[in-house]
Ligand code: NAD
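Below, in structure tokens: the form predicted on its own, a single chain.
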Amino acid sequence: MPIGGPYELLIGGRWVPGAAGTYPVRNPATEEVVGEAPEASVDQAAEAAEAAAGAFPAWAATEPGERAALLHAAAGALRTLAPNLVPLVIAETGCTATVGRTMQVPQAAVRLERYADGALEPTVIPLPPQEMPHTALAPGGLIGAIARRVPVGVVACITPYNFPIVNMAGKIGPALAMGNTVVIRPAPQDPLAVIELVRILDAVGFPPGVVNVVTGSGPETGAALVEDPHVDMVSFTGSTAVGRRIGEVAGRTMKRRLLELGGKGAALVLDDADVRRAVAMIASTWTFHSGQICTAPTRAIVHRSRYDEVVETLATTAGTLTIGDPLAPDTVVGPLISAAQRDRVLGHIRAGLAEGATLVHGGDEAAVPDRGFYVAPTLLADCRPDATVVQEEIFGPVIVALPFDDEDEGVALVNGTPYGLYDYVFSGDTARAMRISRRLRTGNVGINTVQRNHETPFGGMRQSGVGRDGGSFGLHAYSELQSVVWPG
């Protein structure tokens, strides 16, 4: 299956051009055009939602084994096409070659395979019978019951730009496995690889209307899906500001919502921590997709006895990182997704300095390539807890450092932002770290690691979102519980 343009929309089993023409997708490292994406109209978004609604009854009635076979076939085809698809993903996202080869395309296939297997997980929960007395409502007797998971209906899957096909696979995999139909709406900045993924799903035999894709350079098509009466659920990963708007609009028609929103991850480094291990983990904010990760440990909250050591070691680490061409084998820090995001990140750095932070490394005067949307790895120390750079998600290669004197203060600083997605505790005493983790108002805690376990329920508290996916919890997220009772 060849990849490449011209790129079109898939609506109800038909590939069609965007009604409003096309728009350019640019390489963040070179600023050159990678390809032309279709510019869908609001009417086409509505057509896609209607097509998904029309296909839903038949797809919901398919045998789980059929859904599993199609998802496995899609995963296999994705692996086969990976050598050709990885360069496109790197060009669209600006991720480094290492991230593209190991995390972008392969992980999308892994997620499809996981939910191919998930399609075969039990959906019926047996419940003990209950002895009920005779009432005015009905005769008494032994009443049997089950609870079963059933599909929600049409799911609008709206994803961010950082991991376009991985994030999308994590949505459509469980949604399709559970018998839902989907309308895919990728991020405007890098939709081409997602369209290639949809081509694979179409080619392996998903029925017409089960999978649909609409793209656009602005928010209009996504907003149309959120409002559309044919859409039963909105699954969104992105900013808290957009998530709030989705919550307001989707609430009018009682749509199910799965919202994975912003984060301001804290790394709580205790006095007994292995500093070099902690620094290696915290530095992933710089090295893993240039900090464009909602789970990144962007706040280094360090016990005062280890604070200078951590700041100095982070500064030394930052000075060793190669910034530049994502295709170069030694590059670990690539560009940000766009000029707008670069300027936003630099604005946050300047604001942090204006609020009294100390620039230890990086900043807007640091050397970066002349072309492309680069920001150097930046470390701001001695930040005020209420400073903007400490409170707001930056989504770039910026780490802020704050000292604390005792556990209570450290925990208060970790919990001291509106977010609660992913925080970390570093300590030589894992029992102590586990005890502290219970006090953190966050959906996820890493102890001495930033590694993930993809079977855990993933999502945030407070302004970081609503709902959980991941592993079997992802299947639960894309289903409704239905109770069935009968007389014994």
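So that there is no doubt, residue numbering starts at 1 and follows the sequence shown. What you see is a predicted model; the values in this text were computed from it and never measured.
Note that the form predicted together with this ligand isn't included here; everything after this is about it.
Contact annotation: Ile246 falls within 4.5 Å of this ligand in the predicted complex, judged by heavy atom distances. Taking the partner from the other structure, this ligand in the predicted complex has no heavy atom within 4.5 Å of any heavy atom of Thr287. At least one heavy atom of Arg185 is located within 4.5 Å of this ligand in the predicted complex. This ligand in the predicted complex comes within 4.5 Å of no heavy atom belonging to Tyr374. Contact with this ligand in the predicted complex, judged by any heavy atom within 4.5 Å, is made by just one of Pro219, Pro385, Gly347, Gly141: Pro219. Interface residue among Ile158, Ala108, Ile399, Leu197 relative to this ligand in the predicted complex, by the heavy atom within 4.5 Å criterion: Ile158.
Contact here is defined as any heavy atom lying within 4.5 Å of this ligand in the predicted complex, and by that definition not a single one of Glu8, Ala45 and Ser235 is a contact residue. Residues with any non-hydrogen atom within 4.5 angstroms of this ligand in the predicted complex fall in just one of 88 to 96, 327 to 335, 301 to 309, 235 to 243: 235 to 243. Residues of 394 to 411 placing a heavy atom within 4.5 Å of this ligand in the predicted complex: Phe395 alone.
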